[in-house]
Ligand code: DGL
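Presented as C-alpha cells, the chain that follows is alone, the form predicted alone.
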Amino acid sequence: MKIGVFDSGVGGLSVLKSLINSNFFKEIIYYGDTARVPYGMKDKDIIIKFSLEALDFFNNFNIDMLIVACNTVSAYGLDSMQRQTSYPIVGVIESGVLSLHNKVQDRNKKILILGTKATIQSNIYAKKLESLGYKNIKSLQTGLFVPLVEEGIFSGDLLDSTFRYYFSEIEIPNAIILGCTHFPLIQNEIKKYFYNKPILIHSGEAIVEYLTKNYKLKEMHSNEPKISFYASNNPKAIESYAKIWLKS
C-alpha cells in the first residue's frame, strides 16, 4: 500500500515515524509545505487553498491513501480535500479524539488541548470532546512551539521560558492533546514541566490507532517502507531532520 503524508513543515515527521513503525505500508510519500509554514496563523480560506494545492501535488503519485499530518489542515481543509478525490484522506483530529477517549474514561478529568492559533480558534477538539461528555476542557494557543521545533530547538532555556510564558497559570492536567504534529518532538519536555503526570496524546500514535480501528490494514513482514521526501522549499532540510528524528 502506498500512502502520502502531508504537513505544513517538518512536524509531520512525528506522524511519519509512527506510520513506519506500524509496518502497514510499502511506500510513503512525504510532502512538507516548508515555503509557507506555519499554517497556524493563516486564515481559513488560505489554509483551504494551500491544502488543495497539496492535493494536486499528491495526485501525481497514484497513492492509495493520504494522511493529513497537520492539525490546522485537518480542522479547516480536510472536508474540501475529501470532496476532490476518490481515495481516503484521514486527518489527525478524529484520531486524537479517539485516542483520548480510549485512554481517559472519566469525563471529569482535566483535559488540556495545545495547538496553533487556527486550530484552537476552530474549537474542533473541544466540540468533539464535549459531544463525548468531557466537561473539564482547556484549549491553549501555543503557536510559538512551531518555529522553535522548525529551528531544531527541543530543549534548553528558550524552550523553558516559552513553557513558563504559556503554562504559568495552567493547573496540572490529567491529559494533554498535542494538537500540532510539531509538538510531539518536544513532548518529553512538556511532560517534564508538568512533573510527568499527564497522559500525552500524540498525533502519530493516535493515527495508527485510528487506522487500525477503521481500515482493514495488514502488517507486512518485510523491510521498512520506501520513503520519498518532498518540500515546497529546501527538501534536503527535511531529509536531514528525518535522519535524526526518525531514529530518536
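Here the structure is a predicted model, which means the values were calculated and not measured. Residue numbers here begin at 1 and follow the sequence given.
Just so it is clear, the following notes concern the form predicted in complex with ligand DGL, a form of the same protein that is not shown.
Colleague: Among 103 to 111, 67 to 75, 161 to 169, 80 to 88, which stretch has residues with heavy atoms no more than 4.5 Å from ligand DGL in the predicted complex?
Modeller: Within 4.5 Å of the partner lies stretch 67 to 75.
Colleague: Is there a heavy atom of G204 no more than 4.5 Å from a heavy atom of ligand DGL in the predicted complex?
Modeller: Result no; G204 lies far from ligand DGL in the predicted complex.
Colleague: Would Y39 count as a contact of ligand DGL in the predicted complex, using a 4.5 angstroms cut-off between non-hydrogen atoms?
Modeller: Answer yes; at least one heavy atom of Y39 falls within 4.5 Å of ligand DGL in the predicted complex.
Colleague: Given that the partner is absent here, does S99 sit within 4.5 Å of ligand DGL in the predicted complex, heavy atoms only?
Modeller: S99: no, not in contact with ligand DGL in the predicted complex.
Colleague: Would V146 count as touching ligand DGL in the predicted complex under a 4.5 Å heavy atom rule?
Modeller: Taking the distances in the predicted complex, the answer for V146 is yes, it comes within 4.5 Å of ligand DGL.
Colleague: Residue by residue through 106 to 129, which ones have a non-hydrogen atom no more than 4.5 angstroms from ligand DGL in the predicted complex?
Modeller: Stretch hits, in order: T116, T119.
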